[in-house]
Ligand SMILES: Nc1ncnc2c1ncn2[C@@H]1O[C@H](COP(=O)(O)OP(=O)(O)OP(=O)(O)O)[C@@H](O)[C@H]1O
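In structure tokens, one chain follows: the form predicted on its own.
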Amino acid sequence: MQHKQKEKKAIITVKGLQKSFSTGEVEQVIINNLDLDIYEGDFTIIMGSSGAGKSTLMYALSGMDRPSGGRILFDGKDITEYKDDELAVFRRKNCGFVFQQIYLLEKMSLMDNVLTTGFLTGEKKNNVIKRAEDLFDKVNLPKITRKKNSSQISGGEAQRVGIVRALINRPKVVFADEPTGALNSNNSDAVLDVFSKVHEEGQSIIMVTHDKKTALRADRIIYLKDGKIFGECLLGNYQKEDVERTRKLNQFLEEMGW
């Protein structure tokens, strides 16, 4: 059952979403007639076992992959009707992406990697540079680090550059796919702190994860099973060392068979 949040606006509404692949004569259903609302300003996490359709759902919501059926209304506009070039413009204007592996151009400085994306908006260069500097400050990467290239930094630092790059164009939604999956515990905590900080400032985030520590950061967890929503858990605002929050999440994941 879908949770009703009268006080919040749905930034994404999904109706009857289908995604399937054909291998020979066999059709494999990944997303099966799924309905979903994603609310503006929420930190929404998608969980589920391998093959449940988590990343497939996220890619459909962001316009990176086309569904086989159904509708996706993003800020009131049906993106399933867009042509490929319209989808590219839509993503550039509305979506930021953070993946497990951050692909940075090694011959460019970290700052230039971000600015290359930022300049695509057509905004004044000075404004883009100022925003990049502010975002680097927010993720605690000093000026000396911004001049380095990707071979000179740690995985945690690269992931924080990825977050800056995802935010540079002021996206309506940031999509993140296992962003801490390749990081050690300390780097993972630092990256999650950045996500929590930008969420507190009003950024809508949709994240796929297998990690319970990451899931604790969410307002809302959606659990997928066999391409459908099997359950959801509302955790509310994140607070560190919140015993009740941890208990609630553990109980929910146990009920989901996680």
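Start at 1 and count along the sequence shown; that's the residue number. This is a predicted model, so every value here is computed, not measured.
The form predicted together with the named molecule is left out here; the points below concern that form.
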Check your understanding: A52 near the named molecule in the predicted complex, any heavy atom under 4.5 Å?
Key -> yes
Check your understanding: Is E178 a contact residue for the named molecule in the predicted complex, using a 4.5 Å heavy atom cut-off?
Key -> yes
Check your understanding: Would Q28 sit within 4.5 Å of the named molecule in the predicted complex, counting heavy atoms only?
Key -> yes
Practice item. Report whether the minimum heavy atom distance between T56 and the named molecule in the predicted complex is within 4.5 Å. Key: yes
Exercise for review: Given that the partner is absent here, state which listed stretch (227-235, 211-219, 196-204, 42-50) has heavy atoms within 4.5 Å of the named molecule in the predicted complex.
Suggested key: 42-50
Point to revise | Selected contact from Q100, T80, S150, N94, since only one has a non-hydrogen atom within 4.5 angstroms of the named molecule in the predicted complex | key: Q100
